[in-house]
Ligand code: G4P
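A lone chain, given as structure tokens: the form predicted alone.
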């Protein structure tokens, strides 16, 4: 199942970010903790060269806690500070502000040597669509300064937000890159909702996700749906359709509705804490 999605507005957004980067001290990149590599846009790496970096593993509450620790070590070994967060709450506010302070320590030291004091850190918040950037900013600012939505591509323009007297945040639209290197990257991005569902066959996508979950976390589908995981993926989806009442006229099974349930429950975490990719594997 080959997936590619790069609408025209992303090209415009990338150009805007390239123009703004000269104003930026720190690039805060949000990744999805369930797929840290697949959600890491290589264009942002190029954009952020020469700038301080901070990686936030967002939706860490939906990921496997043990794998979160592996990913933090992975980025640490690359000399990149990574912090697991749940952007829907403010419980991580303290460690995020501490991480920003640490990431910008060198910049502040240079400012002091130049006699510059009191200038706030200017941080660009970047990431792929639907990774939670606007929700993250809203939580930090305790307001609805940035638009939020459950569709990829809601944030179309740039917005500066004052976090506090020490930090100004530049929110940016979610962008992907023109061509995914491999099929697995496209699938992972589709699983979490970073690719427009309207261009996808959701039944095929859900069955592919179920195969991946069966391989990585045997028993998860049984725990959630009470289905026999030993059968074919189609048979498992049929069982889910029956158990969840996804039936059409004449008791015909509604595969599309059952597939949507599986995708929604994975994305919301109701399927349990799942990480789909691990360092070095």
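Residue numbers count along the first chain shown, from 1. This one's a predicted model, so the numbers in the text were calculated from it and none came from an experiment.
This next part talks about the form predicted in complex with this ligand, which is not shown.
By the criterion of a heavy atom within 4.5 Å, residue 239 is excluded from the residues contacting this ligand in the predicted complex.
At the 4.5 Å threshold, heavy atoms of residue 85 reach this ligand in the predicted complex. Using a 4.5 angstroms threshold between heavy atoms, residue 209 stays clear of this ligand in the predicted complex. This ligand in the predicted complex is approached by residue 58, whose closest heavy atom lies within 4.5 angstroms of it. Stretch 132-140 is the answer when you ask which of 176-184, 72-80, 132-140, 101-109 has residues with heavy atoms within 4.5 Å of this ligand in the predicted complex. Proximity to this ligand in the predicted complex, defined as a heavy atom within 4.5 Å, holds among 62, 26, 213, 47 only for 62.
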